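A lone chain, given as structure tokens: the form predicted alone.
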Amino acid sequence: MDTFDAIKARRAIKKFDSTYKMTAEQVESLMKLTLLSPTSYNQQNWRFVTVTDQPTKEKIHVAARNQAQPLDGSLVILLCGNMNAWKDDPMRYWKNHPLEKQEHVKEAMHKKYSDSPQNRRDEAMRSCGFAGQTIMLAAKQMGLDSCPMVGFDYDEMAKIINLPEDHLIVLMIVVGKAVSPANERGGQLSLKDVVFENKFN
């Protein structure tokens, strides 16, 4: 599928075919593509919990206010941010570059994140946003459908996936096969409403 077509065809699907199961190879392929998503300083601060186990999906379904998507979709992905990725053996993020480059990036990350929980949180949100779009477009290319979700009890979800204390849950994406198309788009704003040339009017 052409990238432009995938962007146009990607929709948030609410009803998935509960009988469709992704193969382990499909899940691995999807996640390998996801790891190509950009992150600031290449710190790769996203962490992903992939769920295909039905009993676990049932718990997620309850935590998601009994919405059907995680129950019926083939794959549930919890996109989480590691708030301490910036200091977790940071030299490895630039291991293919000279030591001088590695040291420079390590110092820059320390300066930006060491005293700023807000910067660490903001970076996690951005990184997971990039990864989320990669997941949804890659899924579409694979002939699958997806639904991004934030409507769930975060504390309960953290318990279900055993979330480490220095991580946060950013969003959840369900992947599978749609049994019915998405509703008509709610209504897109015009370019003039959201795009400003050089500066805001």
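Residues carry their position along the shown sequence, with the first being 1. Predicted model, so just to flag it, every value in this text is computed and none were measured.
From this point on, the text means the form predicted together with a small molecule, which you will not see here.
(request) Using the partner position in the predicted bound form, report whether Gly151 sits within 4.5 Å of the small molecule, counting heavy atoms only. (result) Yes, Gly151 is a contact residue.
(request) Would you please decide whether Cys147 lies within 4.5 angstroms of the small molecule in the predicted bound form, comparing each non-hydrogen atom pair? (result) Yes.
(message) Contact with the small molecule in the predicted bound form for Ala178, defined as at least one heavy atom pair within 4.5 Å: yes or no?
(response) Taking the distances in the predicted bound form, the answer for Ala178 is no, it never comes within 4.5 Å of the small molecule.
(request) Look up in the predicted bound form whether Lys21 has a non-hydrogen atom within 4.5 angstroms of the small molecule, and give yes or no. (result) Looking in the predicted bound form, residue contacts with the small molecule do not include Lys21, since no heavy atom lies within 4.5 Å.
(message) At 4.5 Å by heavy atoms, is each residue in Asn45, Arg92 and Lys95 next to the small molecule in the predicted bound form?
(response) So, no: the whole triplet misses the small molecule.
(message) I need the one stretch from 22 to 30, 65 to 73, 50 to 58, 37 to 45 whose residues put non-hydrogen atoms within 4.5 angstroms of the small molecule in the predicted bound form.
(response) Contact-bearing stretch, as computed: 65 to 73.
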